[in-house]
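Below, in structure tokens: the form predicted on its own, a single chain.
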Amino acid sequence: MERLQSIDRRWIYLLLALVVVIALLNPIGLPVKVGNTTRTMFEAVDALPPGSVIWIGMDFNVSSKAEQFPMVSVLLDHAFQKNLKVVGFAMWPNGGQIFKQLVEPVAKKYKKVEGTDFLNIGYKPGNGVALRAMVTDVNNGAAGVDHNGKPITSSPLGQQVKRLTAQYVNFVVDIAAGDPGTVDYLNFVATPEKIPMATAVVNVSVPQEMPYVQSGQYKGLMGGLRGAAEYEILAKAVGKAAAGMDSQSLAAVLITLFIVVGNVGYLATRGKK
């Protein structure tokens, strides 16, 4: 028992790292209970008829990659499963490049074509002012070009989505990590134009977004890595979020085991000192 009190902590860190890496590379699919906010968002997207346009706000950067890259991937996967059209737009400078990085593998999986099935408008400065301009005219609000520098009106989807209004866009999802983000969409797009909206935010932002869910202003919410894992389960597209949850869960079990073993060793040797 005394040896339990003197285990080199480097072995503990090594074992913890192995558990995390192995779970990430070989997800085992530990059960995750799906929350109501994620289910509501999934059902709202799932109910859109084929050909509907879903507008995805890419308002985060790589610092929240672990939580929000899986959110975008699973939402794109679900949208392409349903044969929805997707428009990506960013108020954060890296958003357009991140959308490009994430949409291409999913589009290849479902044989979707850029310009016809999805459009990457990319980053445009101006925050809420840019959104207001797109409500009037998407092409003018985007300065006429998409993320690749091509004229927006040269693509079929660019010609189809003339304005950011309910006439042309059926659903908005803002994937956000701060400001600008969800509040801009609520103030300038979703509320005045009556476009159904959901959001996907980092875990720390969930409490401040919940009032909008409870008031019905959001048609669901995907919160943190767990929310992305729940959405993956519902969309039958298990990926990095579910693997991340496996990793977190197994790491928590291992840490708990270390605590139990350490306390057993302490109690067993306490009387001998």
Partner chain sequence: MANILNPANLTGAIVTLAVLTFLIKDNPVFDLFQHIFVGLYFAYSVGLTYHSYIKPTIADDILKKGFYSYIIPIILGLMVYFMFIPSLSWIARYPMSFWVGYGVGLTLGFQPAALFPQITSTFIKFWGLKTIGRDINAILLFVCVVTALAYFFFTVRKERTAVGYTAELGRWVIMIALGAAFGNTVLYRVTLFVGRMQFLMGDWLHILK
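Keep in mind the model is a prediction, meaning the values are calculated, not measured. Basically, rigid core = biggest C-alpha set you can superpose within 1.5 Å across the two forms. Positions refer to the first chain, counted from 1.
One more form of this protein exists, namely the form predicted together with its partner chain; it is left out here, but the text below deals with it.
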property: 4.5 Å heavy atom contact with its partner chain in the model of the complex for all of Lys108, Gly227 and Phe258; result: no
property: Interface segment, criterion being heavy atoms within 4.5 Å of its partner chain in the model of the complex, picked from 163-171, 72-80, 111-119, 90-98; result: 90-98
property: Ser52: touches its partner chain in the model of the complex, heavy atom cutoff 4.5 angstroms; result: no
property: 4.5 Å heavy atom contact, Gly29 and its partner chain in the model of the complex; result: no
property: Close approach of Gly244 to its partner chain in the model of the complex, 4.5 Å, heavy atom; result: yes
property: 4.5 angstroms heavy atom contact with its partner chain in the model of the complex for Leu24; result: yes
property: Partner contacts in the model of the complex for 105-132 (non-hydrogen atom within 4.5 angstroms of its partner chain); result: Tyr123, Lys124, Pro125, Gly128, Val129, Arg132
property: Post core alignment: Gly29 C-alpha displaced by 2 Å or more between this form and the one not shown; result: yes
property: Threshold 2 Å Cα movement between this form and the one not shown at Glu209, rigid core reference; result: no
property: Relative Cα spacing, Leu76 and Gly29, in the model of the complex - shift of 3 Å or more; result: farther
property: Closer or farther in the model of the complex: C-alpha pair Val106, Val21 (3 angstroms or more); result: farther
